[in-house]
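Below sits a lone chain in C-alpha cells, taken as the form predicted alone.
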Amino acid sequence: MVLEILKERRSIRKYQDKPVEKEKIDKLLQAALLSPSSVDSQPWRFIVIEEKEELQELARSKTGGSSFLADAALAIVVCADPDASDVWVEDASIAAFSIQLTAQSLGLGSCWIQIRNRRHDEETKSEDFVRDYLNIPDYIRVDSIISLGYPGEEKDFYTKDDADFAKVYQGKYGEKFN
C-alpha cells in the first residue's frame, strides 16, 4: 500500500480553492508527530498556516520555487531545535515526508518547499525571512514548508520503469544488483 502511495505522489503546485478539513489537518500533524527521530529526540516543531494573507507572504520566502504557496489551502512550516538532536535536518525531513505521504493517502496534493540554505533575496536568507515573519525564536531552525490542498492539476503516476535500478548495487558499490 505504501508503494502505491509513493507511485501516486507527485509534487502538486496548483490547488483547488477548497479548504482542507480539520480532521485531515489533524491526521497530517499526527503523522508528523509520530515520525521516527534519532534516539526519539523529536526535535521538530510545526506551524500550521491557513490564512490566505499569510500564505501569500510565505510564497515570497524564496527567490524562486515558492510562489505557488499563495494558492495552497494550507501550509505546514517544518522547524526543529538543533540542540535537541545533532541530526535535526534528517529528523525534520522525515517528518515533512510523513506529512506528504499522509496527504497523498487523504486525497490531498503537496509540495516540498526547501527553506534551509535558500535565499529570500541577496541580503536575506529564506530561513530568516520565515523566522521573522512567523516570530520563530532564533534557536529554532526552519527546514521546509509543505504546501497542501486539493490538487488542481493531474500528473501521471510513477511506474516500476521509473525506478532506476542502475543506481542500486549488490554487496559493494559498482557491483550490479541482481
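Note that the coordinates shown come from a computational prediction; the quantities given were computed from them, not determined experimentally. Heads up: residue numbers just count along the shown sequence, starting at 1.
Another form exists, predicted together with a small molecule; not displayed. Remarks below refer to it.
- For K14, no non-hydrogen atom is located within 4.5 Å of the small molecule in the predicted complex, even though that partner is not displayed.
- In the predicted complex, the small molecule stays beyond 4.5 Å of every heavy atom belonging to L28.
- For the chain shown alone, K24 is not a contact residue for the small molecule in the predicted complex, no non-hydrogen atom being within 4.5 angstroms.
- Of the heavy atoms in C111, some are within 4.5 Å of the small molecule in the predicted complex.
- The candidate spot formed by P19, R60 and Y150 is out of contact with the small molecule in the predicted complex: none of the three has a heavy atom within 4.5 Å.
- In short, of 42 to 50, 133 to 141, 28 to 36, 111 to 119 it is 111 to 119 that has heavy atoms within 4.5 Å of the small molecule in the predicted complex.
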